[in-house]
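What follows is a single chain, given as structure tokens, in the form predicted alone.
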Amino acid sequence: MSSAILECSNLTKTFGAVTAVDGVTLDIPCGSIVGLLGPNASGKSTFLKLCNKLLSPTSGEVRIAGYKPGMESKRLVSYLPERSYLNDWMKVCDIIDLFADFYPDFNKDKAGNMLQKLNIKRSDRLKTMSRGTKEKVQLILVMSREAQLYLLDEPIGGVDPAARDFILDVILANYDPAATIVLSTHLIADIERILEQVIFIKEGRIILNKTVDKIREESGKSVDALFREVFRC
């Protein structure tokens, strides 16, 4: 049995003349925190959507725990999209109940604990919240599932810098170490400390796939410094 939770073979997605994901072949192991790192429009979100069957590949394939994306794989995956999908009129408590009804693996106690740590009230309506607070609520919902694979698309993009470390600590404290997190972002310095493996993606192609320890050993640089060098930030 494969030790990889996510496997891709020549995964490709085109939109007309544009190739968003270009022949991606990789394995992501169980029990790891992986950074999917690249500038805007590098293919990060398209890749995660392919893994979650929100898009279908043009060619190649992706498998989650051996399953093609579909009903079986979605039971194992908790996905945070790049944009909010929650209705503004809803209260936090209503959303918690909705997720608990929809997902058998949703842990209401875990959700309540994270809400308390982030000072978010169950009675609050989304329409009264800032963008950053809405993103915190959505992240809480995703991390409250007992999933095997978490696919997080820019989870700290709309959150103020002072809150980022706290949110990352909440992520670390509320997932099973046997599970895998794939975290897409371009804010490398903010998330580097929690990463075990990094994947650099540029124009839809994987240009680097290494452990953080190997990068530091071989290059003598931090992941952020290497990212800036490779992408000339």
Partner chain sequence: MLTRLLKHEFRATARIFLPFYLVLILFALINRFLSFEMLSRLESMAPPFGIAGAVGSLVLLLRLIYFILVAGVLVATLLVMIQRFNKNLFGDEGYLMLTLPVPLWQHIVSKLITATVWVIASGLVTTGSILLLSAKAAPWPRVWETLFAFRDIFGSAGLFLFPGAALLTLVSSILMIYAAIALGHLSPRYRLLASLAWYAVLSFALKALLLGISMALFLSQTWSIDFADIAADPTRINLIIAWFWLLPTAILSGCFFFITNHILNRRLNLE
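Numbering follows the first chain given and starts at 1. Worth saying up front: this structure is predicted, and the values here are computed from it rather than measured.
We do not show the form predicted together with the partner chain, though everything after this point is about it.
Engineer: Could you spot which one of Arg131, Lys117, Lys121, Lys74 gets a heavy atom to within 4.5 Å of the partner chain in the predicted bound form?
Structural biologist: Exactly one listed residue reaches within 4.5 Å, namely Lys74.
Engineer: Among 200-208, 175-183, 46-54, 160-168, which stretch sits within 4.5 Å of the partner chain in the predicted bound form, heavy atoms only?
Structural biologist: One stretch meets the cut-off, namely 46-54.
Engineer: In the predicted bound form, does Tyr103 come within 4.5 Å of the partner chain, counting heavy atoms only?
Structural biologist: Result yes; Tyr103 sits at the interface with the partner chain in the predicted bound form.
Engineer: Would Asp94 count as touching the partner chain in the predicted bound form under a 4.5 Å heavy atom rule?
Structural biologist: Heavy-atom contact with the partner chain at 4.5 Å: present for Asp94.
Engineer: Would Ser84 count as a contact of the partner chain in the predicted bound form, using a 4.5 angstroms cut-off between non-hydrogen atoms?
Structural biologist: Yes, Ser84 lies within 4.5 Å of the partner chain in the predicted bound form.
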